[in-house]
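One chain is shown next in structure tokens, namely the form predicted on its own.
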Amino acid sequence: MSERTKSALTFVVSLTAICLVWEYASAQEYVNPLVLPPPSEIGVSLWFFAQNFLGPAEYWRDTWITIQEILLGYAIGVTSAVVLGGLVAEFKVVRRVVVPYTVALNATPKIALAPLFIVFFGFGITAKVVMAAFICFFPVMVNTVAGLVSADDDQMKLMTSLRASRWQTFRRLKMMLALPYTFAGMRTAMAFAVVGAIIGEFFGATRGLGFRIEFAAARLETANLFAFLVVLSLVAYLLYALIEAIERRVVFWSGGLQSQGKP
């Protein structure tokens, strides 16, 4: 039995045990069902969610809107982080100019900027995309810079002895060293992009999973709230798994760093 199969089996067994204990505690009224509804009630809400695929499909449209915000924000954030990380690692002038602002922005609570993005970009999809991009930018940039400067003296001397140009050294040595670091940041950034999109929807949206979660919470529909959280977690997991699959194909030579970078 492979390690992946063992992990999946462990997850299924543990989740089943948690649900059984949870259901029993609810049946015995050890917990308030309004605060913590039983798994069976959450399952009914999830079934209703699934049935919408055959009906009005409102929930599926909300899910697709959130996925679009996540993917667009992630693409913008990762691309800008890799480009800026390369410039920071290669040029001291850029490093002196950019790093202080990057540190200051990274230290700022991201949720505090959500109302500002709503003011700047309105209540449409743009504000949510910018929020997702902003949150997922920093881990990718930091990891990219760390990877690009990880070349040791012997490796640099080898490239010099081969008369490699600066661009050739960057492309054939530094970029190859940086890829495992960058993908480690990209995996973390995917989870952050989900958080950013949902935060943006909390502050101003009429569609999306974040809006559905906030709406269910306001009406004390706790079972629906948990159902939407399950759907959101599934979306986040699938997107994370997609990045992992891409990483296994692109950075096939670095299994050690890949496994160490998992959260």
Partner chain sequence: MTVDESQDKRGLPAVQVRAATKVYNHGAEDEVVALQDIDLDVPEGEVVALLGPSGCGKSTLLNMVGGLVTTTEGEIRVAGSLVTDPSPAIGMMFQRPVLLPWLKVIDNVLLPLKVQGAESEHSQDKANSLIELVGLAGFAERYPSELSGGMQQRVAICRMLIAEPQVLLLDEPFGALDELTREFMDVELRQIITSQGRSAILVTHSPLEAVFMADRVDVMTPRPGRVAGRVEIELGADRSSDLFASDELIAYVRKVRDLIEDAHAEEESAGE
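Residue numbers count along the first chain shown, from 1. Please read these numbers as outputs of a predicted model, since none were measured by experiment.
The form predicted in complex with its partner chain is left out here; the points below concern that form.
- The partner is absent here, but in the predicted complex a heavy atom of Ala164, alone among Val94, Ala164, Val103, Leu116, sits within 4.5 Å of its partner chain.
- Of the residues Val88, Val82, Leu177, Ala191, just one reaches its partner chain in the predicted complex with a heavy atom at 4.5 Å or closer; this is Leu177.
- Of the candidate stretches 73-81, 132-140, 168-176, 95-103, only 168-176 has residues whose heavy atoms lie within 4.5 Å of its partner chain in the predicted complex.
- Shown alone here, Phe252 lies within 4.5 Å of its partner chain in the predicted complex, counting heavy atoms only.
- Taking the partner from elsewhere, Leu148 is found to have every heavy atom lying beyond 4.5 Å of its partner chain in the predicted complex.
- With a 4.5 Å cutoff on heavy atoms, Ile125 does not count as touching its partner chain in the predicted complex; it lies far away.
- Shown alone here, Leu158 lies within 4.5 Å of its partner chain in the predicted complex, counting heavy atoms only.
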